[in-house]
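Coming up is one lone chain in structure tokens, specifically the form predicted on its own.
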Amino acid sequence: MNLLIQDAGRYYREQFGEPDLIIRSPGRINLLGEHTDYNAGYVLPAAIDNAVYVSIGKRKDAKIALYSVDYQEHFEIEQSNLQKTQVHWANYVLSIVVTLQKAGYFFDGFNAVVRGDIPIGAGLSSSAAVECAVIFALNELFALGLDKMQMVQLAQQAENEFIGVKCGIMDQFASMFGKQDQVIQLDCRSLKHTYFKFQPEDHQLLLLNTQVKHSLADSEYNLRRLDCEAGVAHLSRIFPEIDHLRDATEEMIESELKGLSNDVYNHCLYAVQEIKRVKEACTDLMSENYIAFGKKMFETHKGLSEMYQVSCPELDFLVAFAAKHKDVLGARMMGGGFGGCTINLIRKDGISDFIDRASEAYLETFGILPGAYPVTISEGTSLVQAQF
């Protein structure tokens, strides 16, 4: 049995007795499709083997009692007094309870223990994993009758409204709907999704964490959205069928936006190109052409760095280093930008050499060591143990 599952059960027994259920919910990566979600485009995420485990059991009262193994911290609250607290990790559990109550779902109190191995702050959506694990657990424990799509949408609502992070739906969707050795092409407009096999025999995905997050990330993110909206507003006066950049072509951008500000032109052109790139990359996956897929990863990074302008020196350094390494097929920054991780598609037998060389060069340049996390594409949120 997985050590983390054992931990989740053991710590629950130490705190509360025998758990009714243990739920596993994974972190996520995104292989291509960055900053395309709010442009109604496509993304290409996958669930990973790093995950959150929630062991849970019913109480006879209305109280919620929680314990975090990672923070070694207890938390208790009455359901009649639910509000955001100073205990950061507990808020992700409470966000789900509050959101379910708003939607008309009520239940008795419960005990829960949270345990995980998703690196915090690495852009792997540990918060979405907790939210998905908790809503899945409560749905099972109290027979709420929710399907997976409803759980995803409620978990996103919890993050948006209770936590206050205006994320798209990709993180929760990938965590809930992930499949082993498959990536998900998610249409962010319709939420239709298609699975594509991702199983390169001799290669693996590796994350390198810059260990930095520059402070302008949030403000610049909002500016990119505004530039995309400005481009759509201009285009829609000429092409009424355009609601989002998803509906535009490169030719439209060239002919109608080139005379506007450089930022609006470049940001809109990148988004349109990236939406197209995700679709083309899925064709590569169908033919198992991982060389072509890797090239698109490098193209995405170039676009994010030079056109969308959301990279940073640390990310650019790691991608440039990867481009020179003989065993790397593709690399790019992953996530909103200005720090976080690069994702690399690399030959398995070259991983150790690459990590050593990249770490040495990064330390020499920036004075810190990058984190290195090989990841495997795994199943989404699921019940791993039941005790009745």
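So that there is no doubt, residue numbering starts at 1 and follows the sequence shown. Every value quoted in this text rests on a predicted model; they were computed, and no experiment measured them.
Not pictured, yet referred to below: the form predicted together with adenosine-5'-diphosphate.
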Query raised in the report: Just one of Phe196, Phe75, Tyr105, Tyr71 has a heavy atom within 4.5 Å of adenosine-5'-diphosphate in the model of the complex. Which one?
Result: Tyr71
Report task. Name the single residue among Thr210, Ser95, Ser127, Thr300 that comes within 4.5 Å of adenosine-5'-diphosphate in the model of the complex, judging by heavy atoms. Result -> Ser127
Query raised in the report: Taking heavy atoms only, is Gly168 within 4.5 angstroms of adenosine-5'-diphosphate in the model of the complex?
Result: no
Requested in this report: Please run the contact check for Pro119 against adenosine-5'-diphosphate in the model of the complex: heavy atoms, 4.5 angstroms, yes or no?
Outcome: yes
Query raised in the report: Hey, in the model of the complex, is Phe110 touching adenosine-5'-diphosphate, heavy atoms inside 4.5 Å?
Result: no
Query raised in the report: Quick one: does Trp89 come within 4.5 Å of adenosine-5'-diphosphate in the model of the complex, counting heavy atoms only?
Result: yes
Query raised in the report: Of the listed stretches (268-276, 307-315, 147-155, 119-127), which one has a non-hydrogen atom within 4.5 Å of adenosine-5'-diphosphate in the model of the complex?
Result: 119-127
Query raised in the report: Within 140-162, which residues have a heavy atom closer than or equal to 4.5 Å from adenosine-5'-diphosphate in the model of the complex?
Result: Glu159
